[in-house]
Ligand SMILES: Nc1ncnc2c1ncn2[C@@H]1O[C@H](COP(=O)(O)OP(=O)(O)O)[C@@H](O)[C@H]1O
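Only one chain is shown below, in structure tokens, and it's the form predicted alone.
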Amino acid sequence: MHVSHLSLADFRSYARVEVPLDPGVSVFVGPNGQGKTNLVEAIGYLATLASHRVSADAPLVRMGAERAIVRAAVVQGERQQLIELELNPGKANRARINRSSQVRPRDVVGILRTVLFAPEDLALVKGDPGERRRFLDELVTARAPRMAGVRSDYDRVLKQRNTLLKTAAMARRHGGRQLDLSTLDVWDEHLAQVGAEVLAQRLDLVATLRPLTDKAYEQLAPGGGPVTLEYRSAASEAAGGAELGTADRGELFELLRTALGEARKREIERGVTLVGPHRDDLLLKLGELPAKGYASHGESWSYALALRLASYDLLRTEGNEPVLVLDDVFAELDVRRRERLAELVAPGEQVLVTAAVDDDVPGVLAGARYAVSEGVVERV
């Protein structure tokens, strides 16, 4: 799989730009602030419907413009598809496949698959649980695009349930009449049903990713491991630490429903849903200790890179090889880690690299070079 052409209109700093791309390695070089990351950010957005830099769409639209267009031609074997997203902050985004068929944006997910390395990845190790949940969910959706709809359904149910809980909490605090919470039972059923699917997919992913991450860490930092991944479930803890390893969807449904019942009193007091996949975490361990708080800066970087390399290996073995994106990563690494990472990713079908200076990019990543300056992208 590779992107053969990228087209942007009013995206970030670009009023308009057209970038033909080849398989193999392509390196975008230019001073900071010239738009290199904007190019690979657009490609990542087409794959995941999200930016790796910001949580909302508004910053992606060029100042003064009403909307942005991101379009890419994606080649998969003998087949080529043109995918397009129109970003409309404050309104619904729009999507097209092969220009003629208008579809939901989430229907685009799965046509292009990417694995993106970026300085922000350090948050996978050092950041809040939300960073790790997002990592899991994006990879789950890359494996099974239908999960984009399941995640959307879960978010909708969670929002409705939280609204009901918040209303009940406010009425209780202000001495109002007791609300009829019978509808909460209905939302419990919905949340448990959709949440069980999310939880099952995450558990399967973590089990599959665990040995691949340990292998990747050993490749990047020989003798520095082992590393292990442990899924922490708020529902399991609320239900007394129930074992999740072999649970099927039906058992996960019952676990979530039971945990919601156990937490209901506290939830009404606080006005928010306290158990479910949205409260879970992925514990990253280095040796016997949690990486967060104990790993050095270099070890944290190696761990974050190992998670991305493991993701790449997983997607490659399960289907079409994803596009690899390395966004300003080499400047953050010492020489040893630079060389090891470059050697591991160089054989990729398409590898897109951004760097402030060409010297930051190891020689093994030979290929096309693009100069990026003030919104102009030129092949050199």
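Throughout, we count residues from 1 along the sequence that is shown. Because the structure is predicted, anything quoted here is derived from the model rather than measured.
Keep in mind that the form predicted together with this ligand is missing from the display, and what follows is about it.
- Contact with this ligand in the predicted bound form, defined as any heavy atom within 4.5 Å, is confined among 332 to 340, 62 to 70, 43 to 51, 317 to 325 to 62 to 70.
- Taking the partner from the other structure, this ligand in the predicted bound form has a heavy atom within 4.5 Å of a heavy atom of Pro31.
- At a distance threshold of 4.5 angstroms between non-hydrogen atoms, Thr37 is in contact with this ligand in the predicted bound form.
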